[in-house]
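Presented below, as structure tokens, is a lone chain in the form predicted alone.
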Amino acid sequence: MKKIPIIIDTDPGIDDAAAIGLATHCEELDIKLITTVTGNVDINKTTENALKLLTFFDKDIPVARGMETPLLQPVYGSEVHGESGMDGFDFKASTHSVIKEHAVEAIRQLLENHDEKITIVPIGPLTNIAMLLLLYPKLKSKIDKIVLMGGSLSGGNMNGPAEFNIWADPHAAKIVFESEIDVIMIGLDVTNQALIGEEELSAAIKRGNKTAEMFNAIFQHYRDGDMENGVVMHDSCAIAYLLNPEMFTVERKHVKVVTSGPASGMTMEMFEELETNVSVATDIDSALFQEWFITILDKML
């Protein structure tokens, strides 16, 4: 089976933890590198959380520490993910360490030295990816596509119109969206429909699934939904798209990122006759997503 080589760029984060867990247990994916970025919490915590997750899942994947601040504005969202970013579960101290290269340099080296193109999967603010494109624009040809969780065409979760990952570094998002790379935007329009709660986890917990127990513990502290009705699996949707694109309705659009003013971070669909620049997920089969989530969960500890 030919695997899909990917880089996960992340800011764990509760829903990032779920996405990383799923990705590390998908046999079709070859995770070459995990890079961290400031977002849900600061870079120290997101990096430590990534290492703790790899220890928990017993996976040996290189981790590179990335950008400490957005390009122009410092911000992070601990009010949604708790003080640590993954409150609610007592993770063991990590047995992993970051590699010596900065995340941007680690991605550069990987792209330059890999024989085939690599897919980049950002599930946090796009600071690392924007820096890569600014410093090494010739490497665009080595990127197969960018499948990102971020944005919305129907209202956001921050200042009204903006989604957090784009709002946290709109200037970086603008660079990525205008890069002419094949960008697939998995935004709130679909991720808000991807819900996992106590009902979906209960059967796995009864079977002694330790990952389900961990998910249940940290999801209780996630302020984007509730366990009775389901918490929102934003970032896992990017992983689901890689393996099950038929789960999504996707349309080509021209999307502009607003970088200033009260709507900063908004991903605005432009209806003028402009060349499209992004493939946008506009709908998801929620039942199929839940089925896929539980199928992968059953493969875990």
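Predicted model only: the values in this text are computed from it and were never measured. Start at 1 with the first residue shown and count on from there.
Just so it is clear, the following notes concern the form predicted in complex with alpha-D-ribofuranose (RIB), a form of the same protein that is not shown.
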Exercise for the section: Name the stretch: of 130 to 138, 100 to 108, 156 to 164, 198 to 206, exactly one has residues whose heavy atoms fall within 4.5 Å of alpha-D-ribofuranose (RIB) in the predicted complex. Expected result: 156 to 164
Handout entry: Partner proximity in the predicted complex: residue 172 to alpha-D-ribofuranose (RIB), non-hydrogen atom cutoff 4.5 Å
Key = no
Handout entry: Touches alpha-D-ribofuranose (RIB) in the predicted complex: residue 40 (any heavy atom, 4.5 Å)
Key = yes
Practice task
Answer yes if any heavy atom of residue 149 is within 4.5 Å of a heavy atom of alpha-D-ribofuranose (RIB) in the predicted complex; otherwise answer no.
Solution key: yes
Handout entry: Interface membership of residue 234, alpha-D-ribofuranose (RIB) in the predicted complex, 4.5 Å heavy atom rule
Key = yes
Exercise for the section: Can you tell me which bits of 1 to 39 touch alpha-D-ribofuranose (RIB) in the predicted complex, meaning any heavy atom within 4.5 Å? Expected result: 11, 15, 16
